[in-house]
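Just the one chain here, the form predicted alone, laid out as structure tokens.
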């Protein structure tokens, strides 16, 4: 068994990363989106990193995965009473990471270094969680109401404005960390997995980092993506709404096309099995598997299906080379 690199963010991505960790403990590196990061009242908030850390450490709230389970809001309640912002709920325990992250960044420490320390403190010793870059990248939603950041679109505007496009500010100047490069050049790397999550503001920012696409394709290992769309609906979040507003069909095939000329295989849900041939006709190898991850077993089962698919692609390539 070799090592695996996963590109992830949001709750669905964190769940599959957890499944991969259960199968590849000690051999998993997760590269996490930081395009949705923001600063507020001196705090440095990294929603996708926090979601990943809480999920892998087993303390994530089942519904609000970006917070620890049984979070309380005494600070937030007092903040509102004193006239502070009332749209973004700040949990009492969640603020610990946000405060420490902010302090570390003020001391000019790398976000990668800070995140790996959080991993160790939370007992995540069998996976490495890496921000997509130590340089700031901020995803801008281009909407009918103007350009806004993710947290403004999600919290302040409640995902209401029509989305017309995206801009990833700073991505062309951001660099890949040594830790990411080392993970990608691991001699035993067997697969890259794009986890089921929003392709526009979670995965695309990672791919927009200077040199990332080239690095992924240069390694020659299977790149497998998993759909976040099942039966014409997003499993969570605003992906379906955004796809419609961008003029795309809300389907697994539309997600696959977002990764055209990058991925080698695409995993869809059994519910969409009728789309298999259509997706294959678009140039992708595809398999159907249960993609709903309600239990820990579901996470591991989907992870196994993904790794088995990657192994099949590798075997096919080997057979072609030998023939």
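Residue numbers count along the first chain shown, from 1. What you see is a predicted model; the values in this text were computed from it and never measured.
Another form exists, predicted in complex with another copy of the chain; not displayed. Remarks below refer to it.
**Student:** I need to confirm a contact call. Of 103, 147, 135, 126, which residue comes within 4.5 Å of another copy of the chain in the model of the complex, counting heavy atoms only?
**Tutor:** If I apply the 4.5 Å criterion carefully, the residue I get is 103.
**Student:** Scan 122, 189, 159, 207 and let me know which has any heavy atom within 4.5 Å of another copy of the chain in the model of the complex.
**Tutor:** Selected residue: 122.
**Student:** Which is the contacting stretch out of 211-219, 77-85, 172-180, 151-159, given heavy atoms within 4.5 Å of another copy of the chain in the model of the complex?
**Tutor:** Of the stretches listed, the one contacting the partner is 77-85.
**Student:** Please state whether all three residues 232, 254 and 281 have a non-hydrogen atom within 4.5 angstroms of another copy of the chain in the model of the complex.
**Tutor:** Looking in the model of the complex, the three residues 232, 254 and 281 all stay beyond 4.5 Å of another copy of the chain (heavy atoms).
**Student:** With heavy atoms only and a cut-off of 4.5 Å, decide whether residue 92 touches another copy of the chain in the model of the complex.
**Tutor:** Although another copy of the chain is absent here, residue 92 would touch it in the model of the complex, with heavy atoms inside 4.5 Å.
**Student:** Taking 4.5 angstroms as the cut-off for heavy atoms, does residue 26 touch another copy of the chain in the model of the complex?
**Tutor:** Although another copy of the chain is absent here, residue 26 would stay clear of it in the model of the complex, with no heavy atoms inside 4.5 Å.
**Student:** Can you work out whether residue 42 and another copy of the chain are in contact in the model of the complex, taking contact to mean some heavy atom pair no more than 4.5 Å apart?
**Tutor:** Yes, residue 42 lies within 4.5 Å of another copy of the chain in the model of the complex.
**Student:** Taking heavy atoms and a 4.5 Å cut-off, does residue 116 contact another copy of the chain in the model of the complex?
**Tutor:** Flag for residue 116 set to no.
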